[in-house]
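Two forms of a single protein chain come next, each set out by itself as structure tokens; they are called structure 1 and structure 2.
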Structure 1
């Protein structure tokens, strides 16, 4: 019995993942608006109705699809930031990790961009249900920056704003990489971090 239970759970899990992957493909290809239930079902090779066995409604499915990306992002952020290191090292590791992850999972980046802003403002109403998931990594980064400031490694700046600035700036670069020639990852990460830490000004020292 437990075996059957397990098997069933596995199959169910597998189906769920198949659907989420299909949703991911479609969102990456067509954007949030273009990801119709029919398109996702077709991509997953199941019937439209099946989607509703695993997700309450379209919003729920999209939310969970986004969750994949944001959870992964958060996990990587956590791993990187939990190691005690000087700020410069941490940020470098952060950017490198992101570059690596998104370079190799371009779909994820597209989904990130497509779902980041939770659709149209009007669509709200009771929604806003779990829009927080899209900001958790910002909060974590923000907390880290606050600590770095406390340690005296960083100027005293509003950490939330810096995190936002940093995150969106990097995301833009990542997206740009998808559409054209891009330098090697290590170099890209290095100049970004250097720019952030030391600024654009040519005069350093003296």
Structure 2
């Protein structure tokens, strides 16, 4: 690629990232009502028309901003799975990482969920399961669980089904917290992992 074209591509990439970062900050700070294209353009330091060179409309910009946020979460979860830890510690670290990330980004995520997932919970779940970040995380978690089984840390269960069960359970807790209907609990990660590893029955009933 010629030098001028390389520079142009870098400038375009930087400008697009600047707009996405601006959208993230405006949405988190001003909420749904204040997250206008003009406010985002002002935050990014560009003309409002520039936004439409990169994104069709506000919904398209919101979708890409959400993708950027979930890329960050995926990177953190990937790091957790790449660390050499016993199974129970890795699962707890995964849950804590999710909880910390959602707490750090709760204002943006509340608006994002309200705009993208309002009115049709079933459609919301379908969109989430089709997201590339969700698919990649399930694949990585399935591989990790298969390796844990090979090490003798886990029963010989279908790792894909266990990964789905675990991920959906964590997602339900996170969404519950985002909706403001569940208080944040310091022991949340331990509780979730204990439910997965030990189940519901008391020892005398097992």
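Rigid core (definition): largest C-alpha set, two forms, superposition within 1.5 Å. Residue numbers count along the first chain shown, from 1. This structure is a prediction, so every number in the text was calculated from the model and none was measured.
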Only one of the two shown forms is the form predicted on its own, so please name it by number. 2
C-alpha of residue 162: shift of 2 angstroms or more between the two structures, rigid core aligned? no
Rigid-core frame, C-alpha of residue 88, shift of 2 angstroms or more between the two structures: no
Examine residue 49 after superposing the rigid core and state whether its CA is displaced by 2 Å or more between the two structures. yes
Any chance you could measure the C-alpha shift of residue 13 between the two structures with the core superposed, in Å? 3.7
Once both forms sit on the same core, give the Cα displacement of residue 109 between the two structures in angstrom. 4.8
